[in-house]
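One chain comes next, on its own, written out as structure tokens in the form predicted on its own.
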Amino acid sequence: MGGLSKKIFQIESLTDQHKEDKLLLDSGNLLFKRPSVAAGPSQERLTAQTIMQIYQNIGYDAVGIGPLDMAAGIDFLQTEATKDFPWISANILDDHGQPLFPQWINKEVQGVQVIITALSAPPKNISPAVKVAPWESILPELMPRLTKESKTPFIILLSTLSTEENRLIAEQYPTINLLLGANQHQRNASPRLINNTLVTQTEKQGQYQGLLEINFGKQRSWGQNREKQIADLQNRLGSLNWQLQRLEKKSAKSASKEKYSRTIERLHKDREEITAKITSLQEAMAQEQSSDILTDQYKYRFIGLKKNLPNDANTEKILQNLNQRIRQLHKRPRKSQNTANSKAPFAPGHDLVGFRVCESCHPTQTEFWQTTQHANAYTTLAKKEKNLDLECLPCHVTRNLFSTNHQDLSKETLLSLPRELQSVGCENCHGSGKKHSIDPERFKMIRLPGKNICLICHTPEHDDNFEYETKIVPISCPAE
């Protein structure tokens, strides 16, 4: 959520730059990170509601429903608070086979009828009263209905299906002009033409914006972007002319003209070929325009979300309100905490002892650790009033990251950790200290954490400047 206000600022900036008709689309999987969310009030549900509110405020035209969006159940997507949210899905049906959401929406862009539909991948858990029908049974009946009102609509499909399923759809249904995927396992995918369908997707979780600019032609088929081709060739021609002028001046001053003649001859030949290509493309453009067979053309780019982008003011207010609601949700009476000198293991996992126990045998190392940012990780979170945020908390407290079940532990247990574990402590890097504190000769600690341990928290989303080899040196404890 930290980058959402920057994402909205970026969208609004792009909107200001492109005054022509536009569509804001999302193929889905935007609400939750887990396939199943427990019933009742939770931070995950509050966050999902906030995401929908922000998307509505910015004016999204259509959002497909992915399996992660269904993690809290279909009822969650149909509540009163979200009834105007632009969800669409052609294949989420009730037990009578009737669609539970609009199967498509119509928009007019640049005088062209644009129809947006969506196909949802089935979630792992779903109510028996809800059916996610396979695309093979939906599209044969749906496609004729989409093309009934207009002979040449531009059809966009939002899909959370697999890459292979999307390929099959593109091959079998050429009347689908654009397929925007949301495959969780795929990164930015440059537009690829399959049959007559342009297939692309943007990386998940908002790290990139995908900007696709389309110039609609007289017919629904993708053609070459001749304007861009001509511009690229003209740039190359300019570079060739500069090289020729430079070499011809050198040749004129040189006593040995043979030294430059072959290169000059080759560059002249290249210039003639490029000039001929430009002329051919210009003639093709003129012919298309005069015969009314101009095809659809596109330009695209993926725009990374930079940390130095400003925050959108309205979105920032909504997120601040969300943070207060999360704090209120998680604020509850705390049980008495363990004393600083206690050597009893702490929950969760019952295998952690806290840095005070480590200090009893390793005072020099503990003193050094207290000078690092790891020691103040929880404090910095508390200053931002995010220490009750379950999305942030796991990377700012002590956990046994070497345990195979560290991700399975309930995040809620982190809200009641004692002070000795409210930091990125010794056991994050060296493993749990319970057995070692009892018998240090028999149970050795891990001396240096591997890169994989650091990357659990130092992800590109939160630390895009992390280099293990560089960062591990200044935080390494002094030798015994």
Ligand code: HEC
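Since the model is a prediction, treat every value here as computed from it, not as a measurement. Between two forms, the rigid core is the largest collection of C-alphas that superpose within 1.5 Å. So that there is no doubt, residue numbering starts at 1 and follows the sequence shown.
This next part talks about the form predicted together with the named molecule, which is not shown.
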property: Region of this chain that lies against the named molecule in the predicted complex, out of 110-118, 250-258, 154-162, 385-393 [heavy atom, 4.5 Å]; result: 385-393
property: Asn311, Thr200, Gln209, Gln365 - the one with a heavy atom within 4.5 Å of the named molecule in the predicted complex; result: Gln365
property: In the predicted complex, the residue from Leu415, Val37, Ile58, Ile453 that sits within 4.5 Å of the named molecule by heavy atoms; result: Ile453
property: The named molecule in the predicted complex: contacted by all of Val353, His462 and Ala479, heavy atom 4.5 Å; result: yes
property: Gly433 within 4.5 Å of the named molecule in the predicted complex, heavy atoms; result: yes
property: 4.5 Å heavy atom contact, Asn428 and the named molecule in the predicted complex; result: yes
property: Partner contact for Pro440 in the predicted complex: the named molecule, 4.5 angstroms, heavy atom; result: yes
property: Proximity of Asn215 to the named molecule in the predicted complex, heavy atoms at 4.5 Å; result: no
property: Residues within stretch 359-387 having a non-hydrogen atom within 4.5 Å of the named molecule in the predicted complex; result: Ser360, Cys361, His362, Gln365, Thr366, Trp369, Thr372, Gln373, His374, Asn376, Ala377, Thr380, Leu381, Lys384, Lys386
property: Threshold 2 Å Cα movement between the shown form and the other one for Glu12, core superposed; result: no
property: Rigid core superposed: Val109 CA moves 2 Å or more between the shown form and the other one; result: no
property: Rigid core fit then Pro67 CA moved by 2 Å or more between the shown form and the other one; result: no
property: Sense of the change in Cα distance from Tyr378 to Gly40 in the predicted complex - at least 3 Å versus the shown form; result: farther
